[in-house]
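Form predicted on its own, single chain, as structure tokens, below.
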């Protein structure tokens, strides 16, 4: 059957309301960018992606790509580019014998697990249920239980792409392997457009349990010292985070220790949580000890923490292993600028201590830290964004680098890869996209082009 006609909305030909809807309606952040694509193509077939690239080459303009639209900095919206929106490209196809799932880039982790979980499988996708796997995987993929299961991008066994020249290719360890290498951690600088991922799934743990403890912020140091000390020796089924937040129904900033464990039995789950449950500091305001949970339940909590139609400013850092983590993060956890904002510490040991596979994703440490500054009113923009910038100025000197997914290259850049991986990645970008047809890293002025990022520290004054 022939592919349907190319569905395209031109900036200068479409009605203003229709163009604006397609330009930014799927951008998760309520702060909408002042950047205007030449056209938006609502792809529903892989051939539409090829046609879009061929059209861009004919018009001598760039293409940009939107999978889930969850990029805080709205990387998909680029001036005078043809925006390829993959929302309508739907595919989830599981090979149960090989436990390999084929999925389109706009597929969310929640969609994927809705299919996999009833089959006794799961995929460690993004924690937020509405994050598309396209951007998530290209950035490395700090997914469920990443500290023990590793990076989600390691589960990419192959992918189908359209190159900057408009050619459809299959990429694997034996075909076009350098593009597979790039896909595991290049982020928005991937020099092609993915139309299909082939992903290894894992056996779904039989049970999930959680323990959650919420403390007044006055005992921040005690709680943070405890959770960072006990995490490295915790059970390999345990995902461990600490969060500075203002809990629902409370009016004060608190610190929450939250542990989710993936196990094969209730007894194993309780045993995995027992060392944390028994050693937890006294004085919690809320204690949920070894309670059953599920991926679906956790998605609900994540959706509540990351509400739609809100304004966001995010940044992050991998804190050095020998740093005083509690001291470095104290101001971030204790001075949140809005009751909906939160600061996160995510334990990365033992993944951070093993040699990384040969892939673009190459930056990590034992301690991942991120700020998710969330607010509602434009009048708070300067205050909230300024708070993030000030916190990161203090934290950055004690960091190894940062994660692509929670970054905005227009405001701050740092090391996102090892030096060797960065050099290889930028070289491969120029090999596969010598004219810069595929919009890459959105830095200040959108000027990175074929050079990409320099993998060095920079912050906008």
Ligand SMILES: Cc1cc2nc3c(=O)[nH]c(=O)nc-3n(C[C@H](O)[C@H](O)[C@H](O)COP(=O)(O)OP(=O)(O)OC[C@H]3O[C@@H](n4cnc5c(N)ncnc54)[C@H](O)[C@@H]3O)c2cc1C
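All values derive from a computational prediction rather than experimental measurement. Numbering follows the first chain given and starts at 1.
Here the subject shifts to the form predicted in complex with this ligand, a form of this protein not shown in this document.
- Although the partner is absent from the chain shown here, 28, 86 and 134 each have a heavy atom within 4.5 Å of this ligand in the predicted complex.
- Only one segment in the set 428 to 436, 30 to 38, 60 to 68, 392 to 400 has any non-hydrogen atom within 4.5 angstroms of this ligand in the predicted complex, and it is 60 to 68.
- Put simply, of 329, 371, 360, 138 only one has a heavy atom within 4.5 Å of this ligand in the predicted complex, and it is 138.
- Of the listed positions (128, 207, 168, 284), a single one reaches within 4.5 angstroms of this ligand by any non-hydrogen atom in the predicted complex, namely 128.
- Using a 4.5 angstroms threshold between heavy atoms, residue 145 stays clear of this ligand in the predicted complex.
- A residue is said to contact a partner when one of its heavy atoms sits within 4.5 Å of a partner heavy atom; residue 261 fails this definition for this ligand in the predicted complex, lying far away.
- Contact check for residue 188: a non-hydrogen atom falls within 4.5 Å of this ligand in the predicted complex.
- Taking the partner from the other structure, this ligand in the predicted complex has no heavy atom within 4.5 Å of any heavy atom of residue 213.
- Applying a 4.5 Å heavy atom cutoff to this ligand in the predicted complex picks out 192, 193, 194 from 192 to 206, in order along the sequence.
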